[in-house]
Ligand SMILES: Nc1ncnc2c1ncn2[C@@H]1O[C@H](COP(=O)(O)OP(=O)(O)OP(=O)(O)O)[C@@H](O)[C@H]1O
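Just one chain is shown here, as C-alpha cells, and it is the form predicted on its own.
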C-alpha cells in the first residue's frame, strides 16, 4: 500500500506544475471523494512545498485565514493564520470547499489571486508580498452549488480552472488496489458496484459513491472483514437514510458479494 499514491487522470500534473511556475492560482472543481485533496498533497510533495489546508465553512472568518492578536504573559502578539504563513514563507494554501466560506472572508483572496500577489493585513497595517513559492489553490463541489452559495464570477475569473471527476474504471481499480492491498478480483467487484450505483436514476442519493468510499470498503476487506459487511458499512450506510433506497443498494451489493449467514 502506498499512502502517498496518486494516479494521474488527464493532464492535471502538468497543468499544476505550469501554474506553479507562472505563480498562477488554481481552482479545482469536482465531486466529494474523487481525489482533489490527495492530488494537492501529492503535488506539494512533488514540488517540495508545504501544504496548508483549510476546510471552509460558514463560520470561517478572515481572521481564521489571516491571523489575529493573542495575549500571553508578556503582552499582545500577532499570530499568522495559515494563509499568511504560506504567503510569507512559501507553500500551497489550499482552501477546500471555498463556496462554504462567507463572502467577506473570500474577499481577502482577491489581491493574492491576481498580478499583485499581495496580502493586506488590516489589523497590523502590513502589506505582505507573496513569497515566490506561494501558491493559492481553492476547490469546491459544483453539485452543491446554489443561488446563495456560488463563487462570484469576479472571484472565479482570477483562477486557472481544473475539473475533476471520478476515475475511469481501469484507473479506479488501480487506485483501490494500491490504496488497500486487495486483489484484482475484489477491486473489480467494488468498481462494478460503484458503476451500478452511479447509474441509478431517480434516487435521492445527493452524491454518487466516491472513490474514497471504495477504498474504505477495500481496506476493511483487506483487514479480513466479510466483503458484504464491508460494503454495507463503507458504501451503503454513507449514501442514504431512505429505507427503500437502502434496500436497492443492498441488492446491488449482494449481486457481487453474497450475504453470508452468521
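These figures come from a predicted structure and were not determined experimentally. Numbering follows the first chain given and starts at 1.
The next section is about a form of this same protein that is not shown, the form predicted in complex with this ligand.
* Asked: Any idea which of 58-66, 31-39, 232-240, 45-53 reaches within 4.5 Å of this ligand in the predicted bound form, heavy atoms considered?
  -> In the other structure, the partner sits against 31-39.
* Considering this ligand in the predicted bound form, which of 109, 175, 95, 87 comes within 4.5 Å of it through any heavy atom? -> Answer to the contact question: 175.
* Looking in the predicted bound form, any heavy atom of residue 200 within 4.5 Å of this ligand? -> Taking the distances in the predicted bound form, the answer for residue 200 is no, it never comes within 4.5 Å of this ligand.
* Answer with yes or no whether residue 257 is in contact with this ligand in the predicted bound form, where contact means some heavy atom within 4.5 Å. => No - in the predicted bound form, heavy atoms of residue 257 and this ligand never come within 4.5 Å of each other.
* Should residue 215 be counted as a contact of this ligand in the predicted bound form, where contact means heavy atoms within 4.5 Å? -> Residue 215: yes, in contact with this ligand in the predicted bound form.
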